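Coming up is one lone chain in structure tokens, specifically the form predicted alone.
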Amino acid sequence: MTKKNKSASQRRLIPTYIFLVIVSFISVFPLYWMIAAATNTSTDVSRGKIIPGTYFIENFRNLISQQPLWGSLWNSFFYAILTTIVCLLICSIAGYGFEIYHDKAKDGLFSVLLLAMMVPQVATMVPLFQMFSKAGLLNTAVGFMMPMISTPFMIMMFRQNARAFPVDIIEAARIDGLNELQIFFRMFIPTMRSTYAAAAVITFMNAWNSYLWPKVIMQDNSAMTMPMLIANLITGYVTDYGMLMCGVLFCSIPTMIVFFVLQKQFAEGITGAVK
């Protein structure tokens, strides 16, 4: 390619770069505005001030004095991490079983399972609450986790990615004397670690950001999670937007850290990569 053709090619890419810059700015601006609002007073936020201020410490003090921030953070971490671990174990075993040992009966059952994705969560809220109330699972970690630890989407995701798992490895492992559990834990899990990373990001974010079900099942203030705490900040006649944005910032940081740490594995897992 000559120098003239190379220069012309670069000029044709200028509109693309401009478009990407604009889209990137639009995507990042809400995050910037949240951080800036957490450092300003409620009046400044209402006026639309987007320059960072000096009231972050005051907003933080008001937040911890009016709401159980540390307890809510602990509850959210505990519930989200525990839900993620149990969900990955159950859904990966189900997806592995549906793909490796599939037959017509299991395929029909999987089709019925996928139909559950069409049922809105709100439609199951009342019967679930009645069941959990009679079972004495209100204000418990088990009550929080049960509707989330086995989802059709996660099972489908593990089944689709299990199709890339070499069947020859399973047959060779059986010849070597490994049982099915040993094959799953020693060979399938290490091979599909990118899929597990992607599923962990999705499950953790869903559990961390869940609001409606915890609001129904967690009736004790000591079991409050971060989304419930944020909702409490916007109740009443007057809302302190500076303190509200400070709470939203604390609620957003853990999910951002999880995503940035696992973003490479997340991309590989979504595309079905096998290591």
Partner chain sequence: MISKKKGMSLVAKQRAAGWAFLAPATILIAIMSFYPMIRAFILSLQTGTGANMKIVGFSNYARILSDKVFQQSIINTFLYLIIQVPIMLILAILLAQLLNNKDLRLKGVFRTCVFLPCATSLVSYALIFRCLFAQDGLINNVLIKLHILNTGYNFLGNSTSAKIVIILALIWRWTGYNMVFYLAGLQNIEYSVYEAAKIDGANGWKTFWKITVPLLKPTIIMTFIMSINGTLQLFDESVNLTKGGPANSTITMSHYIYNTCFMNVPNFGYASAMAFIVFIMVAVLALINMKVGDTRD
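Positions refer to the first chain, counted from 1. Computed from a prediction, not measured in an experiment: that's the story for all the values here. Throughout, rigid core stands for the largest set of C-alpha atoms superposing within 1.5 Å between the two forms.
Beyond what is shown, the protein has a form predicted together with its partner chain; the following relates to that form.
- Heavy atoms within 4.5 Å of its partner chain in the predicted bound form are found in one stretch of 158 to 166, 120 to 128, 192 to 200, 68 to 76, which is 120 to 128.
- Among residues of the shown chain, residue 45 is one whose heavy atoms approach its partner chain to within 4.5 Å in the predicted bound form.
- Under a 4.5 angstroms non-hydrogen atom cutoff, its partner chain in the predicted bound form lacks residue 63 among its neighbouring residues.
- Shown alone here, residue 53 lies farther than 4.5 Å from its partner chain in the predicted bound form, counting heavy atoms only.
- Its partner chain is not drawn, but in the predicted bound form it has no heavy atom within 4.5 Å of residue 88.
- Contacts between 27 to 44 and its partner chain, taken as any heavy atom within 4.5 Å in the predicted bound form, involve 27, 28, 29, 30, 31, 33, 34.
- Residue 46: CA moves 2 Å or more between the shown form and the other one after rigid-core fitting.
- Core-superposed comparison between the shown form and the other one: CA of residue 262 displaced by 2 Å or more.
- The rigid-core alignment places the CA of residue 27 2 Å or more apart between the shown form and the other one.
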